[in-house]
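In C-alpha cells, one chain follows: the form predicted alone.
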C-alpha cells in the first residue's frame, strides 16, 4: 500500500520534490534538538564542520530518525523497497551569521549512479523564509547542470558549488514546521538563504537514501540496511549505534567522513578548512 498520495507522486515526477510530509510530533522532534545540544555541550568538537556529517553513526537518537518507518514508507514509494541509508548531514544556521547554501544539485558531486536515490530533509526547528528555508527550482531535475566552485567562506556547501543563472522568480520556498519533512530528487536545483531570526534553524538531512542498485563511482561510502535487502553488495555495511559517542563508532564515523570528503572534493584544486 502506497504511503504517498497520487498527487504527491505526481508532484515529485513533475516538480522534483514533495513537501510537506508530517513525520514527528513536537515532543518527538524536541528530543532530537536536545540530543544536538547535549552533544555540543559534552563533546563540543564533534558537531563542527565536517563533524556534522554522519551523526547517525554515533547517536542512537539520530539513528532512530534514519530508520523511522514513516520516512521509509515514503522513500519506498520513490526508490523501491531495498533501501540503504548512505549518509546524513546536520544543516545548522545559527542566528546573526551569514551562512547560506548556494544553488546546486546533490547528484553533481555525490558520486552515486544510477540516480535512484532521494534526499529526506527533516525540520528539527521550523524552517521558513525568515530563517533560511530551502528554495526549490521546480522541474529542474531533468539533467545535470554546470556548476562553478566558489569556495565562499559563508557557503555551507563543501566547494561552494553553484549553478549559475538560476531564475529566482521561478523558485519556491519549502517552508516546514518542526517535525515535518520534504523529499527531493537528486537532480533538482535547490539552495537556501541566511537565517535572519534570533533562533537556530536546524535541519537533519538523510543524504541520501539510495536503492541497493546504486553504486558509488567516486569513492567509498558506508551504508546501513534501512529496509529490504542488498543483493548488489556495492558498499560496506556498518552497525547501528547502541550508545552515544561510543569509541568504536566515533572511529568509524571519522573514517566515513574522511572518505566522504574525498568524494566531494574529487577533481577539485582547492580544499576548504571546514
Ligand SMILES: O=C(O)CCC(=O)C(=O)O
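Residue numbers count along the first chain shown, from 1. Fair warning: this is a prediction, and the values are worked out from it, not measured in the lab.
There is another form of the same protein, the form predicted together with the ligand; it is not shown, and what comes next is about it.
Three-residue candidate spot 101, 121 and 201; every residue lies within 4.5 angstroms of the ligand in the predicted complex by at least one non-hydrogen atom. Of the candidate stretches 76-84, 186-194, 140-148, 169-177, only 186-194 contains residues with a heavy atom within 4.5 Å of the ligand in the predicted complex. Site annotation in the predicted complex: the residue of 246, 224, 213, 207 reaching within 4.5 Å of the ligand with a heavy atom is 207. Among heavy atoms of residue 91, some come within 4.5 Å of the ligand in the predicted complex.
Within 4.5 Å of any heavy atom of the ligand in the predicted complex lies no heavy atom of residue 126. Not displayed here, the ligand is kept clear of residue 181 by more than 4.5 Å at the level of heavy atoms in the predicted complex. Taking the partner from the other structure, the ligand in the predicted complex has no heavy atom within 4.5 Å of any heavy atom of residue 71.
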